[in-house]
Each structure stands twice: as structure tokens, then as C-alpha cells.
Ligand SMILES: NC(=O)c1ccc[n+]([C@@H]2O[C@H](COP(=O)([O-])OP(=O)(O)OC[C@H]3O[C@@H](n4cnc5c(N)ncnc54)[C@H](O)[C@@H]3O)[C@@H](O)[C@H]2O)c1
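Next up: a single chain in C-alpha cells, the form predicted alone.
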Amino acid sequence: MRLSASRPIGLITGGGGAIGSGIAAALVRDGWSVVLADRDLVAAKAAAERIGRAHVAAILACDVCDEASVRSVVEQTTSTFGRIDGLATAAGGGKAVGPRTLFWETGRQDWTLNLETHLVSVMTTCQAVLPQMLKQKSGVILNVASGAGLRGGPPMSRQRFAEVYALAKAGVIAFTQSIALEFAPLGVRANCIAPGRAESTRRTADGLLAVGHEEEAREPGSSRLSPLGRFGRSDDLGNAAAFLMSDRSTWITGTCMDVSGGIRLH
């Protein structure tokens, strides 16, 4: 498709999910064209319809746990558009979060799926994109971490079963800070966001609120309801990510923005 040369190109992995599509929508509002990469092409196409097909530059199949798939998506994007101005890594969640069981009862295969999906995939995608950004001498990376990576998991009773997921997301934060320091002199910025409890493709923010009320009735404090009285929406996370990917934040790199509605105060 023909795109305006003035519109930057953003590649979003997990572009069919709630967070990924929220980031894509916010980038489009900021004047970007976006490439949605997701292993679920039905979800990615539905996201493109919501966002507006005019500024969805491409929809590409991508399994972030498959290095060849990731590299193919990056190659297709660069060969078609000549550049990648921004990368947002928003794939993850689902069964890859891990089993709801005690840590010492989990098997290494559970750890592997979790780490591959939430940490190794981020490293693989950044590794694939960085050469193009370094060639351009410009680019911005936005990795999606989690509050679990900041304090070891959810609060109170929801802290249980989060060990490997928390490790993976803490790794995302540390990895982002490392590449931010290394590549800042070469024109590339890298930041991440740490969402609190937020909607997904399986449950809306309003649906989460109903579940949260049930959880609070059983155990006060267990729902992670923010002081603002609601859970996160995809546009909350998208707007935060788009800010960190925009020219409004050119003096910010290596940071992890807490997007939790005030659950975590630093």
C-alpha cells in the first residue's frame, strides 16, 4: 500500500491483543502507520478494523517464540517500508503465564514456556529490529513489562504462583535498561511500561470490575482495584506507550513507566 513518507512505521508484536491493539490505536492517533504482527490473524484483522485499515500498513503472522518467524516479520517490514521507526513488544499472556500451582510443584517445561513467551521473545524481537534502527541512526523500542516485575507479583493473596512470570518481567525491565544505555549514543531509545491489572481479549475492564468485586467480598485487597476505582483499559496502556514512543519523550530512555492507576506508588 502507498503510505505517506511523513508517517513513521511502528511494528507491534501481539498486535491483535488488547494491549497491542491499544498501542497501535494510540500510535495511529499520533500520526503513525502500524504493522500488526500476531500469531492469531483473526484477532489482528479484527484489531485493524477497530483501529481503521487506512493506517494499518500490514498484518503479518508472527509467533514470537519462533526466532525465524520474528526475523521474517522484521525482514518483510523493512523490505516493504524501508525502515522501522518504532517497535512495541506486546505479545504474551494466556497459558504462558504459567500454571496456578505452587512453585515447587511446577516443572521446568512450565518455566520454559513462561520465559520464552515473556522474556526471550522480547530479546529476540529487539535483536532482530536493532540492526535496522542502528542503520537508520534512529528508532524507539517499547517493551511491555508488568507490575509483577517491579515487586515480585500481585499484592496480597494474588502474590501466589507468580514467581517465574515475575522473573520474566523483571528481566524485561533490566534488558530494556541495558539496551537503552548501550544504544542511546547511536540514536535508539528504549523504555517499557508496567501495567497493573488490565483488560485483555478475554475480559473487558468492566468485566474485570465485576470479578474484582467478587474477589473483594471473599478477601479484602485481593482484587488489585486501583485507587481510581477501576481497572486498566487498552487505551490507558496504549496512550502511555505512545507517549514513550513519541517525540514528546525524546529526553526519556531506560525508564519503566508504572501504569497501574496508583496501585504502586514509588
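Don't overthink the numbering: it's just position in the shown sequence, from 1. Keep in mind that this is a model prediction, so the values were computed, not measured.
Just so it is clear, the following notes concern the form predicted together with the named molecule, a form of the same protein that is not shown.
Heavy atoms of every residue among D63, G196 and E199 are located within 4.5 Å of the named molecule in the predicted complex.
Contact with the named molecule in the predicted complex, defined as any heavy atom within 4.5 Å, is confined among 126-134, 77-85, 188-196, 104-112 to 188-196. Interface membership of M245, defined by any non-hydrogen atom within 4.5 Å of the named molecule in the predicted complex, is ruled out. When contacts are judged by a 4.5 Å heavy atom cut-off, L11 does not count as touching the named molecule in the predicted complex. Although the partner is absent here, G171 lies well away from the named molecule in the predicted complex, with no heavy atom inside 4.5 Å. In the predicted complex, the named molecule lies farther than 4.5 Å from every heavy atom of G139.
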